Each structure stands twice: as C-alpha cells, then as structure tokens.
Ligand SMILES: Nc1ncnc2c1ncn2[C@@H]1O[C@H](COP(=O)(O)OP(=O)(O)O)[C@@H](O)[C@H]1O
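One chain follows as structure tokens, the form predicted on its own.
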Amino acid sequence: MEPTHLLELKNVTKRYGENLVVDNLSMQVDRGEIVALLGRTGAGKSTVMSLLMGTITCDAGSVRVAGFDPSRDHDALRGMMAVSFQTDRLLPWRTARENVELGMLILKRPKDEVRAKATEWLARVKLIGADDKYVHELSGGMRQRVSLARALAVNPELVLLDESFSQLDHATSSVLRRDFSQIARELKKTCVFVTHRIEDALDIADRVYVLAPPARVCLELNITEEDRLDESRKQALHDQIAQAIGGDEEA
C-alpha cells in the first residue's frame, strides 16, 4: 500500500553532542506539493534537509520518503530524489551539457538517451545554445539553471532545493523561481526547499513551514494562487511569516 504522504517526519529529534538542533519535529509533504522551510539562521533548516537526504540520522522519531528511511534504504530511493544546493556545484572541466548528464550517467542510463535528455533539459531551463559552454563562461544565474537541469534530468519524484536561489541578485532569483515553479507544476514534481527569504516562499510554495530553533514548527500556512495575485493578501501572509520568524530576514 502506497504511503499517504510522499515525505513524512514524525516526532524527530536530533542532537549534536549536548546541542539540541531538532526538537520533536513533525511535518508531511504530499505528492505534487511544493513546500518551503523558512526560519532564521540556526533554526535547523539545513539539518532537516540533511535528514531528508539521508546524510544524517535522527536520534528519535522517524523520517520517511515514499515509505523508506533515506539514511538506510539507498537502493530503494536511488533516482527518486534529486538535490540542488546554494552553490551550483558544477564540475568546471565539464560543459553545461556534460554537467547535466552526470546524474543520469551515475544512474547508468543509456548514453544516447543521456545526451538527448541533457540537451532537452537545458532547453527547458532556457539555456538553448549553452550546451558546449564551460562553467567559467556562464553567469551565476545560468550556472544555477544548469544545476536545476541536472537535478531534474534524472526525473526524480522528489526535488530538494537548499537555498538554491539565495546567492542570485533579486531580478535573476525572481525569474528563476518563476521558471522552476512552472516546470515543477507542469511535471507534478514534489519539492521541498529551504530559504531564509519570505519572497521565495510566497512566489512558489503551496505550503510554508516556519521553523524556530531548535527546529520545530512555529507556523504552518497554505498559500494559493489567489493569495499570490492579491497584493494585500500576499502582504498579510508576508507579515504573518515575518512575525513568526521574528523579523524579516530577506536579503
């Protein structure tokens, strides 16, 4: 039987030595949903992402992705989850297309399929003609688009974005957020993204979890397309989130 939620944390606690960083945290994400994790520096957002990626384990409670424990069930989740980070993490000796190909090659997809998919995904993220460009020939926004294309090209069910828009200037970040949201919704991808900027969440999230240190939910909000289009409603949500965080941390 398929689990009700694609992703679920239930009563999760995590300590580093004596330092409590995640405090009895519970949250769920349904299939096709885009969820933002917001909070100040030190609220445990990156630790929660590490738990979802399976790079660390919890001390108590459970973390499940499609019913599996990401820290143990690596084979079952292979190719199901993709991650894009704050820095693009591209390999400078590979072209844009070769960087997009990398995840598919690791998953041992057929080489002719890999080349075609990489070219297709560069076009999807609006980088037509950039296939043979090296990292040093790309702007910051273009490099982040390559990173997103690499994550999406493996056709994951779950996409994790760890501050993927935060190092870009406001205009570039805004355009990239919009483009990513359009692709994710078109392909019905489930997405969890960490951000410290309220505007990121309001622009693309269906739901927002605001975390307070040590990581625990202090506010959960649903956001509709109508909210995004109505400036007064959007501002009210912005103010509510800012109050929960304890001030507006937007860059």
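Note that the coordinates shown come from a computational prediction; the quantities given were computed from them, not determined experimentally. Quick note: we count residues from 1 along the sequence shown, nothing fancier.
Not on display, but discussed next: the form predicted together with the named molecule.
In the predicted bound form, the named molecule lies farther than 4.5 Å from every heavy atom of R197. Contact check for A43: a non-hydrogen atom falls within 4.5 Å of the named molecule in the predicted bound form. Among heavy atoms of T47, some come within 4.5 Å of the named molecule in the predicted bound form. Contact check for V21: a non-hydrogen atom falls within 4.5 Å of the named molecule in the predicted bound form. Partner contacts here mean any heavy atom within 4.5 Å of the named molecule in the predicted bound form, and among 218 to 226, 62 to 70, 33 to 41, 180 to 188 they occur only in 33 to 41.
Annotation for 139 to 160: no interface residues with the named molecule in the predicted bound form [heavy atom within 4.5 Å].
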